[in-house]
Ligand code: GCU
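Next up: just one chain, as structure tokens, the form predicted on its own.
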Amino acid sequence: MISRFLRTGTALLLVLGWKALAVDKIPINEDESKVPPYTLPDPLVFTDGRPVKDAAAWQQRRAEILELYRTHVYGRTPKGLPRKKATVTSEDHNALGGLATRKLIHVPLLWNDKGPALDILLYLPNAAKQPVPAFVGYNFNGNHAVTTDPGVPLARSWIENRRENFITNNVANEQSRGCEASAWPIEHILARGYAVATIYYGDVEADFAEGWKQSLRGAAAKGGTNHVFAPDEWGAIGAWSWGLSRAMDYLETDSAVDGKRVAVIGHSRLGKTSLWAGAQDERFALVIANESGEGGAALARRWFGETVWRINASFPHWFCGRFKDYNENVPALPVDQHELIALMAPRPVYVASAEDDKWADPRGEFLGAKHAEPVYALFGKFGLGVADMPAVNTPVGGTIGYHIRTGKHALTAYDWDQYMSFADRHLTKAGQ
């Protein structure tokens, strides 16, 4: 079955090949020579076949693609959700040894202030002239995990048990303080003149299949914890993305932050989230996806690393229910991830990979960015500027940035250095 699948070049046999592979639960492939041919949907062709000829027409096509993603991949946000006022609960102008001003901000997410809420940790560089550009993104283990700063309270939401982070009984503790600091070089970012805002993603939704029942989606659902989601209702990535926009609501009001120069960043599943947040909310001036893989920057139609079937089996709560319809027939999916990246145009976007992270399909991530270039060209924007995947540790790009670095699946200081250099070019006031 697999050999027949690899030989075929026609759309019909490709579909049959995917269905055949599904009998074996879609075997995992990490051999580039075995990647079969595939055909990507064209972002510059409307669903009725009309070509997209200019930037004005792209705005119509953009709305069409957004709707396809809402219907088939991430689901749609419920209408009528409130946008509650944020409250600064703490402010210290001498944080991190005087390097920063630390603010703690509380943002209720629903009508009841006792329900789900964001707790934003914001560091502002004291040495920089305000208002400053900012990075905003979720963390995996609680705000206290990104720093050893004792002024940051322990997260109160459910946290996945991880022995290496000293988490037991799904509760944060002092031993876990700073366990994620290597992914958030805060002092280094501040020294470059950027503010850093981060939120624990579990504040929005606990990351397990039934976690929605104790989180935003459960609190917002008409049926409460007995709710049965429609095929196109939002999954966890949709909820997390909506939370990032609520953080953006606050950042626009803080006079120390330049709300026109905010970059949204995410790693892994949170890289998928940053892409979907940036696609829906054009206030994010720059969008960064670090090793976002399947359902993020990597092309779904490439049979390499994690597959649609595998991600839906492992994380059934991340996407909308209809996405599972494509487990055994990915070529029938009406979009692919180059179109998600194209939704950022003409804003700058950065995609990154790691050499040893085959599961995330580094080449598929590069190609996702590469195939978004025609949309950027409509705006006269320079894309990646290379025909082939660059060498390891050799960043490339114009308005679309990309690198693949040595190492494993992680957000590292090297990654941050590339993102800040990219932001230096694109988030200057002259560039806005």
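Start at 1 and count along the sequence shown; that's the residue number. Everything numeric here is computed off the predicted structure, so don't read it as measured data.
The same protein also has a form predicted in complex with the ligand, omitted here; what follows describes it.
The partner is absent here, but in the model of the complex a heavy atom of 311, alone among 248, 335, 179, 311, sits within 4.5 Å of the ligand.
The single contact residue among 119, 258, 306, 233, judged by any heavy atom lying within 4.5 Å of the ligand in the model of the complex, is 306. Each of 140, 272 and 318 is positioned with at least one heavy atom within 4.5 Å of the ligand in the model of the complex. Annotated contact segment (heavy atom within 4.5 Å of the ligand in the model of the complex): 261-269, selected among 325-333, 166-174, 261-269, 219-227. Among heavy atoms of residue 359, some come within 4.5 Å of the ligand in the model of the complex. No residues of 233-253 lie near the ligand in the model of the complex, the criterion being any heavy atom within 4.5 Å.
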